[in-house]
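In the block that follows, a single chain appears as structure tokens, in the form predicted alone.
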């Protein structure tokens, strides 16, 4: 029997290559091996109080992104968090068993304090963030949750919430999930060489205009001043690092030889017409991205132009999610004495 696995995606900003390579592609691979639940964490996004119109647009953007990149809504339970009220109901039950001290030690709360935010300015939504996250997981009897090392604490809080609830109200009320921790979290370099991140402004957007993508690659990625025609250093180079994460082994090796020789044709003549430099490398990366992402980019545009279809798919996913979550919530409500 396949284990049940869950992934949540917060709708914040335009998706970029780093999101795809570091999070989306691995999650899609896991979904093929497990009973998969995937949700858009729109309630979690409220902790940064986005403008309503922006939040709505970003939710559609996340839905279209994952669908365009390969999520099968018939295989994966794909839903919008706010469409499943069982999650927030369970969150309240969990909040009544989790101690304040645990929430005050949570990274989300301590990070806010570390930014010198006055205590009275920290909203309850941020403080209770780990509780809602625990409910996201426990509402579906999830077996395994893939997390990076930076999110390990949130899952530990989830496990503790389930144990405390079971200790008070009886074993078997909530399933204690296991962590699937990626000890070697992939770091995708941005245009400036640092980790690709919206906060650094160094991203390559997945679904922007073709010309804008090419411009970002050719003009945005920083390289050294190696003279045209001389060998290029591939180790630690942003262009080559992104290229090798997408291309097949044959193309990777061919690109590596061009770097090593400084020649378009590594076996060709030492002639200016055969020189290979940073402009050529960036052009090859831009072409590869457009080729690799072309079908997904077209599907993304199609989906974003048909919001009714996205709403329908999310509604169907929410119905499937509620069918799983409702009996679990009822089980917990009966355990605490709110159902006969």
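Since we're looking at a predicted model, the values are computed, not measured. Positions refer to the first chain, counted from 1.
Just so it is clear, the following notes concern the form predicted together with a small molecule, a form of the same protein that is not shown.
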Please state whether all three residues 18, 22 and 195 have a non-hydrogen atom within 4.5 angstroms of the small molecule in the model of the complex. yes
Have a look at 126, 188, 173, 221 for me and say which one sits with a heavy atom within 4.5 Å of the small molecule in the model of the complex. 188
Taking 4.5 angstroms as the heavy atom distance cut-off, pick the stretch from 196 to 204, 257 to 265, 211 to 219, 98 to 106 that is near the small molecule in the model of the complex. 196 to 204
